[in-house]
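A single chain, nothing else alongside it, follows as structure tokens in the form predicted alone.
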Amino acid sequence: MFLVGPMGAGKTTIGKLLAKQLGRTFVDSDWYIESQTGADIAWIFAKEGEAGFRERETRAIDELTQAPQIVLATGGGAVLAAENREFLRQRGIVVYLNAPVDVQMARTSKDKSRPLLQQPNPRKILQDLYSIRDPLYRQVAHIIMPTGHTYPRHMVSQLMQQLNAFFDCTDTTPKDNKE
């Protein structure tokens, strides 16, 4: 199970709760990159630029999408690379946590660890990123969940209902014959 969406959508919060509910391991791709490099994302951006970080991210997404029984929270820009979109779409169920820009602003306004928002006008950055990335999130998603309207535990409950419906729709075994 892979979670995609913009920064501030709740991928880490929802991912942890979902992993617990499903009895899986939670992995955040940014944390994974940091653990592999020994450096934080801001430092990687500062030293290698966004292109260097994206190369590291693609390697991480390739590895992590092959790991069994995980719930993976991807970085907001993971969908920018066609290769990442292919890994995600082909190797698991992708849930797009769709957060409006106002929700993103409220959740990220004081967070100094987000290199792309260290600009004079973070709202414009978020709006620009959303307009570019939203179609990519939609392209890769099997399920789209709006965020910012309810508590995380309630959202996980709603997501579990959608997952159950998704699997019922994709299962070729008639419901009457299930054990």
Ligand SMILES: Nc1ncnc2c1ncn2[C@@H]1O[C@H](COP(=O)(O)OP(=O)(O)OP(=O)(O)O)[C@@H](O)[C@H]1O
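Throughout, we count residues from 1 along the sequence that is shown. These numbers were taken from a predicted model, which means no experiment stands behind them.
Although not depicted, the form predicted in complex with the named molecule is the subject of the following passage.
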Is it the case in the predicted bound form that Leu22, Gln162 and Phe166 each bring at least one heavy atom within 4.5 Å of the named molecule? no
Any of the heavy atoms of Leu18 lying within 4.5 Å of the named molecule in the predicted bound form? no
4.5 Å heavy atom contact, Thr147 to the named molecule in the predicted bound form: yes
Contact between Arg107 and the named molecule in the predicted bound form at 4.5 Å, heavy atoms? yes
Exercise: Pro152 in contact with the named molecule in the predicted bound form, heavy atom 4.5 Å: yes
